[in-house]
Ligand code: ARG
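In structure tokens, one chain follows: the form predicted alone.
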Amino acid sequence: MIKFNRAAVAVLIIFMVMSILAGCGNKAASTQPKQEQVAQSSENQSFQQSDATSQNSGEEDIVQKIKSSGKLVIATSADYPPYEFHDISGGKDEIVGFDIDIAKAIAKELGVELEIKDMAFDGVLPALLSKKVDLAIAAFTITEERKKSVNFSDPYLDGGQQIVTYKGSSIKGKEDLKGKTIGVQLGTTGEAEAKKIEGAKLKQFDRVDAVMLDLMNKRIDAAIVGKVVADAYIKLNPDKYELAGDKLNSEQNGIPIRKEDTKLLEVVNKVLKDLKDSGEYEKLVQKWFVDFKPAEKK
């Protein structure tokens, strides 16, 4: 029979128990941080997903809002034929024009009605940025300055600014404007072009029809407006107005959209592309910039 020393056995037992406890303690210590790390990772992932969902829903909000309301609300300045203007030839006052037909196509794509808010041109972008309207469509020239506050759609028309005078004027071009009074519409690139003419005086108006009325009555010497608008007014009153020289510059028109409304921007660009691909765009150009004949004012 093998005999054991009681003291040695006791020490051995104590040593074995301590080893087991130490091993359990180490396992628990190594496992706990991993559990916390997994939990924290899940929380971070959940937060990121929530944040991404929030951003995406924010982008989609305007499109969903338009569809839910059943209408697309646009701001324009309806004094700029043939882009947008009041037509009363049918016995009622209706805002029509090239831009308006494009706006109708956007509303159709969204499956909603079109609501138009008419205002002074220099109030159109503020109305857009303050979210009083969904879109702004008013023959806007794409400029670097404007791009600081809004995004623009793909360009939908090439244009430029033009000097217009009253019939029989001695002004034949830009070089004849020194010391003369030029009528311009506030906030337009026509106003910006006029400011570049050395020695000229500016008379500013809220609406382009007021500019052209002053020019007709010879209260100003010339006006600077968009080339297609100048052509439209000459069609309306060929015995009152005439062009002076060539276009002052080349410009592209675009539709301004709030920077956060990326989904709406996608919709607008899709509509512009579809109009061009289908041939409908060329029909609109023909309708408004070639065949357009304003009704005579009575």
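Because the structure is a prediction, the values reported are computed rather than measured. Start at 1 and count along the sequence shown; that's the residue number.
Keep in mind the form predicted together with arginine is missing from the figure; the text below concerns it.
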Notebook entry, point to check: Is Thr189 close to arginine in the predicted complex, meaning a heavy atom pair under 4.5 Å apart or at it?
Noted result: yes
Check: With the partner left out of view, is Asp134 within 4.5 angstroms of arginine in the predicted complex by any non-hydrogen atom?
Finding: no
Checklist line | Contact label in the predicted complex: Ala139 to arginine, heavy atom within 4.5 Å | finding: yes
Check: Given that the partner is absent here, does Phe98 sit within 4.5 Å of arginine in the predicted complex, heavy atoms only?
Finding: no
Check: Which listed residue (Ala194, Val208, Val164, Ile74) meets the criterion of a heavy atom within 4.5 Å of arginine in the predicted complex?
Finding: Val208
Note to self: Please tell me whether the candidate spot formed by Ser153, Glu266 and Tyr281 is one where all three residues come within 4.5 Å of arginine in the predicted complex (heavy atoms).
What the structure shows: no
Note to self: Please pick out the stretch from 196 to 204, 211 to 219, 76 to 84, 169 to 177 that is in contact with arginine in the predicted complex, where contact means heavy atoms within 4.5 Å.
What the structure shows: 76 to 84
